[in-house]
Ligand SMILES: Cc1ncc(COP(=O)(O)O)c(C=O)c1O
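Just one chain follows, in the form predicted on its own, and it is written as structure tokens.
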């Protein structure tokens, strides 16, 4: 039994370990909010929005109920014409394409670059036409898409640029000779505070951020029933609020995010050194112009052994995940939104395997993951 218990100790995410490790701090936060009883739109929400804006280096953060709402609200802010086309990655979670389609806009699914695993200016050009009104770039797995060329392409064609940073809070990119957080370079940025994210709540939450005052004001209206004042709506909005308790948790976790990212970077470096020696594995892309936050550590396995490796690791008590097995264009819901072949996205889905990486993994666990993978390919 002890052998089985030890083998199953490694956890893919940090949720349970973080809850145990910081339990006393969380109980204190809960007690304080019980005293104030300001569960909706309490002071912590405004404080968090200001602190998160300062962290990102933008003038405005508008919190909301979840990351999907954040994308929806960001698109509403742009007031795009009905049936306008919005280019989104084919290889990502479905939230971006879903938000576009739900507003009566047309999501066009774009293939990714095989190095960055994100869309690039080159992949966007293959899908561009006169009806394209916006681009949603997803900074995937904690890495940043190449923003200089993407932004230049959008500006040249008069298209808006939304940055989805749900997997990349804390990621930075060198832009105009300075380090900028992702989400602050395009017209508007969004993120999710889902419990597995870099900056996470104990439930759902999301945010829209921008330094454009008009867009920030529109986001505030759309998330609050279309009104800046409670009983005087000026547009059709929705109800999408970040709970006060979640804001308090996020304020606490925001103070720790850079330390946690640094720990993940150290783990990633150990993985890099070990797996770079295995010819059938490609390690994640690196760039001197990107500060990688390592929301995930994806390896690509080129000899067809991905599924066998995943099964082997599971037997050894090591969890792993496949993100994403199919491009959106190969799913029933989104098959009509891809007039172009996404060959790279399709191939990556058969090769990718994400390994455990979070700040609560200890050195012994990291060494065990490395050892088992090396052994698998040496046998």
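Numbering follows the first chain given and starts at 1. Worth saying up front: this structure is predicted, and the values here are computed from it rather than measured.
The discussion below concerns the form predicted in complex with the ligand, not included here.
Asker: Taking heavy atoms and a 4.5 Å cut-off, does residue 205 contact the ligand in the predicted bound form?
Answerer: Yes - in the predicted bound form, heavy atoms of residue 205 and the ligand come within 4.5 Å of each other.
Asker: Please tell me whether any heavy atom belonging to residue 85 falls inside 4.5 Å of a heavy atom of the ligand, as the geometry stands in the predicted bound form.
Answerer: Judged by the heavy-atom cut-off of 4.5 Å, residue 85 is well away from the ligand in the predicted bound form.
Asker: Quick one: does residue 164 come within 4.5 Å of the ligand in the predicted bound form, counting heavy atoms only?
Answerer: Residue 164: contacts the ligand in the predicted bound form.
Asker: Given that the ligand is not shown alongside this chain, does residue 338 nevertheless sit within 4.5 Å of it in the predicted bound form, heavy atom to heavy atom?
Answerer: Result no; residue 338 lies far from the ligand in the predicted bound form.
Asker: Check each of 72, 138, 154, 261 and return the one that places a heavy atom within 4.5 angstroms of the ligand in the predicted bound form.
Answerer: If I apply the 4.5 Å criterion carefully, the residue I get is 138.
Asker: Which one of 342, 66, 310, 60 is close to the ligand in the predicted bound form, taking close to mean a heavy atom within 4.5 Å?
Answerer: By the 4.5 Å criterion, the partner-contacting residue is 66.
Asker: Among 263-271, 89-97, 117-125, 233-241, mark the stretch whose residues have heavy atoms within 4.5 Å of the ligand in the predicted bound form.
Answerer: The contacting stretch is 89-97.
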